[in-house]
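Take a look at the structure tokens below, where one protein chain is shown in two forms, each on its own, as structure 1 and structure 2.
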Structure 1
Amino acid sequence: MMNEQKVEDQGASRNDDSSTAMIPAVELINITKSFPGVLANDNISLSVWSGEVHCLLGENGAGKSTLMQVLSGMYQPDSGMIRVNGREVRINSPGEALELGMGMVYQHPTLVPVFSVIENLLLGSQKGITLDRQGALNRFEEYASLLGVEIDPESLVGSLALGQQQQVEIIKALWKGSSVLILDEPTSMLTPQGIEELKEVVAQLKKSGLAIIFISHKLQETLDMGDRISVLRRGKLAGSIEPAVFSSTANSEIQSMIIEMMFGEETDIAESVIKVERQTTGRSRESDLPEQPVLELKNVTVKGKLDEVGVKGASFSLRAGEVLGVAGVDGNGQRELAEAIAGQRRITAGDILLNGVVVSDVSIANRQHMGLRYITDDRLGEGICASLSVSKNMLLKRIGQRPFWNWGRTNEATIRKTAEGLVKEYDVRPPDVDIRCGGLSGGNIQKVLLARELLFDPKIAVYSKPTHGLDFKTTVIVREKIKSLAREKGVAGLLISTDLDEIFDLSDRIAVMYQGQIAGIVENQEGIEKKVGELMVGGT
């Protein structure tokens, strides 16, 4: 394991030690970058080698994004040095980064959806007014063959699956001459099949000699794909695991080493993270659940706005104590479904029932009185009032109700006391419950939302991407809360998530949405991953 200040002086591929040159493709040496009030990168040093996958792990705010933005020319470091192939360079812009061979593939596609694949690749890549289209097609076929992918270059990008769009993004980076490829959370939006295809593409890139930086928050995929792993913690390099360690150490031990780097002495969190990573198969509890559903949808249709797909004839039921996962590529009607159940969208056909009562035309407030709660994925825009205090946000939906308001007057003492109890229960960490809620981190805002929505005897909770963008620690806390509410208090959960590990970990059954429809509902059991992936791309 590497200490915080050591710079590795040689590379060694996990699979082939002799394949790596003695000079790193990229060296980041003592990089420091600060913003007002925040030291984002604190004297970080690491090396990236050709023919290797260097995985970068760390919680939100650990400094991963800032470090990569320094490497890609978005930011200039306050101090430190960057070397490319042994030569010291200064990267003043993204354009200069591209000229030096730095390619970035973001987790969300940056392609133009109404253009074809080949048109996207030609954008900005040729000088003059005449395009060599046939030469570009030949070049595309070379890259596609190298990566082992089959994509029609004349297809509109918008018609491709997300996994294929990501493959085009990788080809686009190679097209521009990248020798170092940065993959930012590349599996976050992919189906299981798409993830396997990405692994094969990464293996081919590595074999061709590219240096790959793989940013992820999933421990298992870093163990599967990484040759070298570096962990950032609170802006510093907590340590690295080198190829020699991989070849001589069991994966379980390496995983424990990574967790220790990320969390230090917080062993309770470390154990919970390992548990979450390992538990990805089913836990059917059919016999434990009551027969009478608490939530039913009967052929519910919701008209989409602008480019939304809406919801088309959705039918399912949910029982007390059950968690029904809703999987699907983002944008297939999940948000419209959640907002229709919460009462924020009008349905154009069908019925929604709570405990056997039709509520299709019932107000949001009355649905809440009946025990329905909705945890939105839009934390800042919809979830909180950023200018109000943490305590006020926690009781926001109780305005005018006793004992928090008496005869139109705010009972500050009761609000504060209740908020302090919730802060403790949900592990929210503001300096004080009276501070402005908008100043909290994303993870703490999410815990404020959970505390507010799950207060006062909930019966049904709709969770929309409850851990999206959260760090390991907060993810563990949120997932454990969803589990305990279902199993210990009988709260029915509708879990909408694009994180399939989360779906497999928490759900009793899994409904898959495709183009606004429920493509299928399956029991969560061993080996279901392939079936879910097929349904996500239109299978039946």
Structure 2
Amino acid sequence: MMNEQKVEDQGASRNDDSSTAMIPAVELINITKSFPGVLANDNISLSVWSGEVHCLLGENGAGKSTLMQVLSGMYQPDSGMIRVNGREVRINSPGEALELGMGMVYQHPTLVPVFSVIENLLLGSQKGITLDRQGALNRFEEYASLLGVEIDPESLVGSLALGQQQQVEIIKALWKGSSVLILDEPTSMLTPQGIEELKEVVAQLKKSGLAIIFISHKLQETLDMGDRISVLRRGKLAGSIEPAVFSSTANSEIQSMIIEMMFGEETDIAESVIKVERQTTGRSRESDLPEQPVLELKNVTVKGKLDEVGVKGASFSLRAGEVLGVAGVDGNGQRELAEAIAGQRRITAGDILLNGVVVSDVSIANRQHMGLRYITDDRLGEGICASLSVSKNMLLKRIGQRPFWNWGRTNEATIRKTAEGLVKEYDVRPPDVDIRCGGLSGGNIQKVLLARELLFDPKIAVYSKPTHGLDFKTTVIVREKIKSLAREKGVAGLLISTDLDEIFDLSDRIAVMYQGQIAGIVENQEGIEKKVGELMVGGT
């Protein structure tokens, strides 16, 4: 039985040079996979070797997850071949992939939060009827020491930090004695400290002889961790960096090679996304800002629904032209905060002031009239109405208002003209205001939302994860927009984001949310990353 096997045994056999060194642990050969209307993987070939970290890099939608889901048996390729240890295989289900030694950690958590760590591990692995709990505990200890982590196997998964939960996910992926570990964007939910820990775990596993596929859309990460890098671009393999090249070339040169692969001719865009440039540098912001805050929260408390933490006594103020970043691990009350400010949620205590006026009981529409804008992160759920046209969506928050409606009568011509202007200004593609808004890509939907919210004299904008899931190009456009609005038009920005690079790039000050509270507010200056990371996990 698989469960009986000792971790060390596998390690030993993997390191047996004569059998493995020549043959890759996994080969993907000419894999093609399409979805209706999208060619997600176009004739991709990759090899993954034992004892190596193979980084798969590419921007959102490049096809990375799809390729790995082909490897883990979730999808069947349209054509192409997979070899494991030189032997051609067909992987019909995730179960079969696991049997073949493929352990996958998905982009989204798969553990059951109300079960303990050990129960979660037993859940997926038990073959017989009886639970071999003691055996499992022993096995857990072996893996924990292999990874170099300390987790109480009896604690509930839901009570663990996200970084620890991910370590459990890794142990779960290895549980059946996997020889290949696939990590799909494992750093996207982690704090800087969590990322450091993950890097160490990966290094440990590499030393033990595992073949590791590490997926990321962040260049720096792959440079830090990879022995070999492959770049996907629009479903195609844009190029690879071999270990020999990697070790013999300067980092900066590799960086420009990769940027070339990722963006082709559009390399100028890349620079601005990759470099974190502090907004505060070179500007004495303090003196520019007016005294009177445009947005002020005094001890705002929101009761969360069901599994939400809510907001607990949040206080801060925001002045015109300033960007206040709100950092924090997802689910620490950020959405509740944003919705409370926008008026979509009642606050149970405290006060919200716009331009010095208490608006706690003012309706959503009236707060909009006062210059408040909320760019929601739930773009499809509440941002747009998918079945309505782009032009109607552009004016969704002005239904009934002049000059688009006169005495309730729709002024189709004015709506069209305005929408067409916005589509042009924000470069929405395709530039057709009559198509269903739901048919646009994520990036273009975000452009529609920004265009709509920032039309007509905004004063305060709450940006909720404004670049989440967007392609690089749109990311740059959105970030530039946030910056220029604050600097040139004096629009105060509340930037809620889980992307710390974004927070550091755009904010003047950074508030950190933890468990519904503002754990601290710091000036955005050199070397503040560590402090922010600590605040994010409840440190001081």
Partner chain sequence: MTETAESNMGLSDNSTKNIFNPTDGAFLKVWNSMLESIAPLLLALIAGGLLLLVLGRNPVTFYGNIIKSGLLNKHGLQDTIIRMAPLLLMAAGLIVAFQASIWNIGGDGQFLLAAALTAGFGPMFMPVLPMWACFVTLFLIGMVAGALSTIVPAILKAKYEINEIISSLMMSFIGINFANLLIKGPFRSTKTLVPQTDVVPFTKLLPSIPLTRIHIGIFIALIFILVVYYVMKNTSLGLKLALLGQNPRAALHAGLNNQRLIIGAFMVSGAFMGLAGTVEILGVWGYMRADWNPNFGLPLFALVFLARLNALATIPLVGFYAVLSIGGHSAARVADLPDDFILIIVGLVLLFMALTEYIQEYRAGKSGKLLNFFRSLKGIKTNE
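All residue numbers here refer to structure 1's sequence, counted from 1. In this text the structure is predicted, and so the values were computed from the model without any measurement. In this text, rigid core is short for the largest set of C-alphas that superpose within 1.5 Å between two forms.
Structure 1 derives from the form predicted on its own, whereas structure 2 comes from the other one.
Relative to the superposed core, residue 87 undergoes a C-alpha shift smaller than 2 Å between structure 1 and structure 2. Relative to the superposed rigid core, residue 346 undergoes a CA displacement smaller than 2 Å between structure 1 and structure 2.
Superposition on the rigid core between structure 1 and structure 2 places the CA atom of residue 220 less than 2 Å from its counterpart. With the core fitted, the CA of residue 417 sits 2.6 Å away from its counterpart between structure 1 and structure 2.
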